[in-house]
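This document starts with one chain, in the form predicted on its own, laid out as structure tokens.
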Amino acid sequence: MSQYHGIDYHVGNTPLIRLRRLSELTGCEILGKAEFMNPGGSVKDRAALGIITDAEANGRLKPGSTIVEGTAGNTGIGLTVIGHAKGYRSHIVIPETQAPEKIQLLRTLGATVQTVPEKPYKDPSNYNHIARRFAEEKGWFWANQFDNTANRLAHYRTTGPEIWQQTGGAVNAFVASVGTGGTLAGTALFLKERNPQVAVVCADPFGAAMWSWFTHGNTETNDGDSVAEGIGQGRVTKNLEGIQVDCAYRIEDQIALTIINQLLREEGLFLGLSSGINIAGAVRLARERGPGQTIVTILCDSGHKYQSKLFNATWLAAQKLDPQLPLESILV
């Protein structure tokens, strides 16, 4: 057997990066799983590979098939990249509100891309329902990332074991936001099996429902909005069913923005806002529990896809977000 492989073989096994300044300020080891180093550039490569290989094993994907998915971008990118490596075409349905860099990248990668108005899940014109209907009408394979539990199984089989091995079993807590729920659920299931004392924490942006679900048992809280893309869930997906977390935090966009700007200026990490929300959750847990913790979170993707928004002073000013706030201002 050849010792060399295609890019689909190289999804996962990403390093843990110590976030130096935040670790020093909290007295904890704040560690980020560098998912932007996956071939497609995000944590969603894991779900994409897991969904594709599961569909192949079950005979739902055959050579030359088309994969269709409704996505905020990163899962579509992962499906397109890994799909190319395995001989599949991709049709991506994406809300027109997503960063233009992601939409352009999908087209450059060779996906056919349909932009649609952003609609809530209950609306038949929601991008996920459009993707499902395409699959039904054209005989395509619908990846169904939100309710296909091959998503969370991918994280149970890879992300969780990697974190356990990389920390030598010393991990005290895992923090993640929710898009589909696959990352949080699959990783949590594995880590809790190894050590039930590992704390599992959901970091949720304003306007999403998971903080309310994990805290109050309902999804009815309507408390604002967030500019974060790819996270912020309003319903309990099948990937989240049966998952228990130890606590959930509401994270403000400004706190996440301050963190990603500090990491860029001082530590050379160029990250998107979902990573900032994850890190903010890890920092909050560290400050609540005190020094000596080893806390792992997910660095979901890089900032390259958000330059026209998160790294655009005019756009930020319109959102009333300040990229120059010092880190200490959010830690009081």
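The first residue of the sequence shown is number 1, and the count goes up from there. Just so it is clear, the structure is predicted and the values come from calculations on it, not from any experiment.
As for the form predicted in complex with a small molecule, it is not shown, yet the points below apply to it.
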Problem - Close approach of residue 90 to the small molecule in the model of the complex, 4.5 Å, heavy atom - result: no
Exercise for the section: Although the small molecule is absent from this view, report whether residue 229 comes within 4.5 Å of it in the model of the complex, heavy atoms only. Expected result: yes
Problem - Heavy atom of residue 44 within 4.5 Å of the small molecule in the model of the complex - result: yes
Exercise for the section: Answer for residue 83 alone: is it within 4.5 Å of the small molecule in the model of the complex, judged on heavy atom distances? Expected result: no
Exercise for the section: Tell me the stretch among 300 to 308, 30 to 38, 281 to 289, 260 to 268 that has any heavy atom within 4.5 angstroms of the small molecule in the model of the complex. Expected result: 300 to 308
